[in-house]
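One chain comes next, on its own, written as structure tokens: the form predicted alone.
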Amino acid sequence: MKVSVTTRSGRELINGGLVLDSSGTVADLQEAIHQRIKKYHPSRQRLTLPLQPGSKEKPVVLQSKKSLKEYTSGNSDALTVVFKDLGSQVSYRTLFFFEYLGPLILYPVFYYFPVYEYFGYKGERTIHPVQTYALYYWCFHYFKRIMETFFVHRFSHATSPLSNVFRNCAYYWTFGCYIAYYVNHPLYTPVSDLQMKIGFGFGLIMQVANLYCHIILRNLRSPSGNEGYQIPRGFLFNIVTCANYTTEIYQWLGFNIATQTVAGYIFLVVAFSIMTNWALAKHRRLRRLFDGKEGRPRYPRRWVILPPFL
């Protein structure tokens, strides 16, 4: 089979194209490109079918495990693909590990070490019980996330752009320091004992519920992560599309009820807006894929993320 590889500008990436076995897969093509141009590892390649000039449709992305024959017209032995360099990549486990490691390490620094002396506070610092419980809650949350990254999550995509490591770390590490600074501040005023217990109690229930949601999502995918989309069912997924985001939001709400800082609520609002955008995109995608046509099941009526508000 003759495969022509072009860039998005129409330039031929590999002069003369490539010749592969007719039973070859997209992964074989990616490896052949890598052999010809060493810097283009398969993980940084995105191959699509060419679009007609002026077309506004999204290009068809070639799936690595599929046969090249599936993307040809009729009995043709020729195929043209469009190549895009995704840039340097890292595994999603690496990405998640570093973005969660920062808050796990940085938050205790504000609790255990005299960092506030560098901000002009020389007096003796009194540590309130809520600050200690907040430390335990915070560290449990991010330790749980790291463990889920390695032992629970299954990813539909193997890698992520390297630039996302810096972006995500900036987000998590900055907010971690921002919240830790105010929760552990020498002038911090604790909430009532009852409010603290309600907040942390509710938050811990949501953390456990969040873990269960992740286990449900894990079971929808094979170990290779390539089975495509399925309709999540069971537990809170019978009510909302993105129950994992719902419990994530509520567990931070519990933390903020118990600690009550402006920094914590700002983080909650930002996280809520980000997860809402993700949830809306996933909800639309599932409704589009499971439309009840041509034998496909119809996606059930559900809230997107926070019943009964969204």
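Heads up: residue numbers just count along the shown sequence, starting at 1. Since the model is a prediction, treat every value here as computed from it, not as a measurement.
The protein also exists as the form predicted together with a small molecule; that form is not presented, and the subsequent description refers to it.
In the predicted complex, the one of Phe96, Phe83, Tyr137, Phe110 near the small molecule [non-hydrogen atom within 4.5 angstroms]: In short, Phe96.
Among the candidates His128, His185, Arg154, Lys197, the residue which, in the predicted complex, approaches the small molecule to within 4.5 Å (heavy atoms): Looking at the other structure, the residue within range turns out to be Arg154.
Contact flag, Asn210 vs the small molecule in the predicted complex, heavy atom cut 4.5 Å: Asn210 belongs to the contact set for the small molecule.
4.5 angstroms heavy atom contact with the small molecule in the predicted complex for Gln230: Residue-level check for Gln230: yes, a contact with the small molecule.
Tyr171, heavy atom within 4.5 angstroms of the small molecule in the predicted complex: Although the small molecule is absent here, Tyr171 would touch it in the predicted complex, with heavy atoms inside 4.5 Å.
Tyr100, heavy atom within 4.5 angstroms of the small molecule in the predicted complex: Within the cut-off, so yes.
Partner-facing stretch of 47-55, 253-261, 23-31, 266-274, counted where any non-hydrogen atom is within 4.5 angstroms of the small molecule in the predicted complex: Stretch 266-274 is the one.
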